[in-house]
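We begin with a single chain expressed as structure tokens, specifically the form predicted on its own.
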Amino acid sequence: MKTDFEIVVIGGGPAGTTAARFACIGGAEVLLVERRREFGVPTRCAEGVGETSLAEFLKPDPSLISRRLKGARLISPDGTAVELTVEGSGLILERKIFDRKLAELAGEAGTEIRLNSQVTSIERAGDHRWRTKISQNGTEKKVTSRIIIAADGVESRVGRWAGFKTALSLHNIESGLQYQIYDESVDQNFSELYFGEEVAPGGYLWCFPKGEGVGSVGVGLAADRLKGKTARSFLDDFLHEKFPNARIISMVAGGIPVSVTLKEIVGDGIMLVGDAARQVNPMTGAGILNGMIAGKLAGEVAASAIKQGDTSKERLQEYHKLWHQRVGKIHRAYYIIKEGVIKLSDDSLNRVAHLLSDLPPEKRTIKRVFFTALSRDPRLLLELRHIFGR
């Protein structure tokens, strides 16, 4: 079995498989290590993406899609529903099939894939190389590489081992829990987001359709505002009220980073992507497409650095720069928006919903929602203008 590669990617989610794929396309020898036995299991998200953005990475084949959405509704604490005008088509993915497809694309590009393989440590091996220890079926193997791309999720042990400051405050991580339910009353045409202190303090609760009476119902709560309750108690209370006859099919839990991107996401011969780099949208908690964007950028830069024989931190900073040019700046704005929105009282959220409901449907855009909500704090609006230079 081959034990020397140019790039080792650790983690087989959308960020990792995309990084491996584009590194191979760039001419690098790549190993992808995934601790699970199969890709896409368990599914730790609501699976929503925009079709236009997804097209950059692959054609959205019908087999990858659970539902096409007609739109989204924001629901305030008093039950006021604001139906949004959203540009483009919204999709609910079938993540198990979707993640497997991304892995297939990485494999077709030339990536060697090892499933059911746990990375137990990384260490410097001399000559600007890394040694990665991998445990598989009780046997430990060592693999060397010029670059490691860490795509191992919000916990990112690899990032910590490499010396990155990955710790998050309770304020910047949400406690997430999601049920997949069966209930005939689940609206199969709209995603619904619920706000308020009683349903999701410091976050929101969602209901996304999955087809034929099935829905994903979950909650993301600010970890420092749980008031002695748990994410499960909030979610169970909502189900009892909204879907009293629902049957729970499955459950998954995890942490959701809602911070700005880490200050450092590259080092000598190492790069962080996706949740490991805190590249999740801090306002919505969405991370699939952002992880794929980061993975593509990291894979391309890593392959180019290998060709040039320079895998130093200075060379890999190109990835850091490209990320912030494309997404990081916007993420900073979303973080500011999040900070403003979570400070709104239920009364304020209700008033915002009433104002938006009075607008013509074509003017009920996501941008209008944010700026209407933040209009109560001019300082936040000034900071947003500063970020965008206007």
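Predicted, not measured: the structure shown is a model, and the values here were computed from it. A residue's number is simply how far along the shown sequence it sits, counting from 1.
Beyond what is shown, the protein has a form predicted together with a small molecule; the following relates to that form.
Just one of 256, 306, 207, 75 comes within 4.5 Å of the small molecule in the predicted bound form, counting any heavy atom, and that one is 256. Heavy atoms within 4.5 Å of the small molecule in the predicted bound form are found in one stretch of 110-118, 235-243, 297-305, 137-145, which is 110-118. Shown alone here, residue 320 lies farther than 4.5 Å from the small molecule in the predicted bound form, counting heavy atoms only.
Using a 4.5 angstroms threshold between heavy atoms, residue 186 stays clear of the small molecule in the predicted bound form. Contact annotation: residue 36 falls within 4.5 Å of the small molecule in the predicted bound form, judged by heavy atom distances. Mapping the unseen interface onto this chain, residue 20 falls outside it, with no heavy atom inside 4.5 Å of the small molecule in the predicted bound form.
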